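For reference, the chain that follows is the form predicted alone, supplied as structure tokens.
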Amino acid sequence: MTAPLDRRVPVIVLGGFLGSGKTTLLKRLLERGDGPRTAVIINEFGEISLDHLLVSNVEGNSVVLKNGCVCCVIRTDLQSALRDLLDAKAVAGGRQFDRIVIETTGLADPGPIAQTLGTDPMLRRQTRLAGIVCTVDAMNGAHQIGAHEECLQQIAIADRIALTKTDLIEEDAVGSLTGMIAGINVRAGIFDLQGQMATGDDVEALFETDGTSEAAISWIRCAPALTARHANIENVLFETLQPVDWTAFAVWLSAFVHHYADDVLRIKGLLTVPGAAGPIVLDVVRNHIHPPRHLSDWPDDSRASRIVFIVRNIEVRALKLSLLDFLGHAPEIKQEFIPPALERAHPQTA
């Protein structure tokens, strides 16, 4: 069974706290002449937009959103900007591009932006979420993580994290910050953009849009390390060798995410479905389930269904029992579903 080619335009959300270097990173991406053609949407908080001036010397599509936060106040403007870009792309002779990057404000939660792609019927048909990138200021990141919930959530749901300004602090401090970030999001790839080994390829890798191999498997590759807890944010791995009925599972998943709403930060995984050569790629941001994508083959040697839940203030044991009850095959569930640290945090009652 061969999956049809997904021709939807990949969209990457670029987030990060105030002053963490989002625009500098975006400028570095656009200055590269060997990458995919990129359309850009830049959100500004305030009356006067400045960030677009920093990238105006680079040829391409740029739509600047003003007077509000892209994740809430001006979501309608975001939809209009995306539709305008897609309409221009469809017109013969219009500017063409291979991906769209949305740069958010420093206080924005990327989650609702990702939700917008899946709730608007036109955008759902023509775009797909290809990843969430988060910049972290190495000089101030540790303080910002502890002091600002926005910074913590930006890191928690990211697929890839870019460390900036690491050349301005000691190597030990970089290591300490990296460990702190891994404690929040153990699955995300971390790129040190100012390190001695940093290259232009690292910038392009942050904005990779394929999503059929590395992006799909990276969240579950670190399963043995899923013991970290930070500010009630927990990482939970689920794994089963038995094929999953996608239609039935989608009913359970929909009920779960809508019941817990914003306490579900992210869910990603690969599901074995009957009769398919490759897995279904599952991607949930907050309470929105993105359309499943079928891969023509598996990106690794395992054929087990694996799902990573990133949740907050949710009783992990209740999550486990609910899944077991739904699937009805407890013996097939890998015993490491709840890592030891979480098992101690939620002891069984007599």
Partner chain sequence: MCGACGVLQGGPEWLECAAIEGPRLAARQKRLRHVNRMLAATGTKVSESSGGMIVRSLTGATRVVDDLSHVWLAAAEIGRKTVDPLAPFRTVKRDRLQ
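Quick caveat: nothing in here was measured; it's all calculated off a predicted structure. Numbering follows the first chain given and starts at 1.
What comes next is about the form predicted together with the partner chain, which does not appear here.
- Out of the listed residues H148, R83, K89, R124, R124 is the one that sits within 4.5 Å of the partner chain in the predicted bound form by at least one heavy atom.
- None of D77, D202, D245, E239 but one reaches within 4.5 angstroms of the partner chain in the predicted bound form through a heavy atom, and that residue is D245.
- Note on the interface: of 295-303, 308-316, 22-30, 35-43, the segment with non-hydrogen atoms within 4.5 angstroms of the partner chain in the predicted bound form is 308-316.
- Residue contact with the partner chain in the predicted bound form: S176 places no heavy atom within 4.5 Å of it.
- Using a 4.5 Å cutoff between non-hydrogen atoms, I280 counts as a contact of the partner chain in the predicted bound form.
- By the criterion of a heavy atom within 4.5 Å, S254 is counted among the residues contacting the partner chain in the predicted bound form.
- The partner chain in the predicted bound form is not approached by F97, whose heavy atoms all lie more than 4.5 angstroms from it.
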